[in-house]
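The chain below stands alone and is given in C-alpha cells; this is the form predicted alone.
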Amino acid sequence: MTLIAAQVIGRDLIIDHKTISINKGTQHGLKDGQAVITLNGVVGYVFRPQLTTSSVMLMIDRYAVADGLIQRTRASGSIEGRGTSSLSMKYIERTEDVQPGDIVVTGGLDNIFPKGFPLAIVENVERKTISISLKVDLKPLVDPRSLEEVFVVSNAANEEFQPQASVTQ
C-alpha cells in the first residue's frame, strides 16, 4: 500500500459541512475518492482535489458513507455520518450480535477504503421490534477537531497479504 503524508491546512467553517483541507493535490497524485487515514483510524476521503490542495470529506459529514464490519462478529452494514461528532451504522440484520464497545472496521466493498481499517466504536445498539435492522450509534476513533497530519491511501490495489508464489515454467 502506498501512502502520501499531508498536513491539515484548513477546516470548513460552514456548519452544514464537515470537511478539512490538506496541502496535497493532483500534482502529488491525489484523485477523487481516495481514502484518508491516520495511525488511529479512518478520517474520510478526498472529494475535491485541486492542483496543490484537496478537500477531504470527514466521515462525520452527513453525506459521507462507507461499508463497515463489526470486527468481532463480521456483521456488515453501512456507516453514515450524522453531521455531528457521531456516526450511525445501518442495514445490520436484527439478529446479529452487536454490543457496545465493539470495534467497527472498514468492509472494503465501497471501493474507497481497504478492508480492515479501524473506524469507530459501538456506543449504543437499539433493537426495535418493528424493524428488521438494528439502529447502531458509533463514536469515531479519530477526533477530526484535533487532526494535524493525515495519510492519503494512493494505491491499495497492489496490497498483498500473502507472499506471491513464484511461477516456474
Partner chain sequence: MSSPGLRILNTSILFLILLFVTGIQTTLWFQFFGQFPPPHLWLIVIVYVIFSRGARLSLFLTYLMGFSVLSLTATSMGMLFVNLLILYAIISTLKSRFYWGGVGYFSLMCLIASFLFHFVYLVTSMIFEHQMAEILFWSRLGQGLLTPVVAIAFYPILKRLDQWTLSEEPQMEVVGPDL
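Source: prediction; values computed, not measured. Numbering follows the first chain given and starts at 1.
Here the subject shifts to the form predicted together with its partner chain, a form of this protein not shown in this document.
Q: Okay, which stretch from 60-68, 110-118, 131-139, 32-40 lines its partner chain in the model of the complex, with non-hydrogen atoms inside 4.5 Å?
A: Selected stretch: 60-68.
Q: So, R48 and its partner chain: in the model of the complex, are they within 4.5 Å at any heavy atom pair?
A: Yes, R48 sits close enough to its partner chain in the model of the complex that at least one of its heavy atoms falls within 4.5 Å.
Q: Hey, in the model of the complex, does T84 get a heavy atom within 4.5 angstroms of its partner chain?
A: Yes, T84 sits close enough to its partner chain in the model of the complex that at least one of its heavy atoms falls within 4.5 Å.
Q: So in the model of the complex, does D12 come within 4.5 Å of its partner chain, heavy atom to heavy atom?
A: Although its partner chain is absent here, D12 would touch it in the model of the complex, with heavy atoms inside 4.5 Å.
Q: Can you tell me which bits of 14-32 touch its partner chain in the model of the complex, meaning any heavy atom within 4.5 Å?
A: Residues within 4.5 Å: I14, I15, D16, H17, K18, T19.
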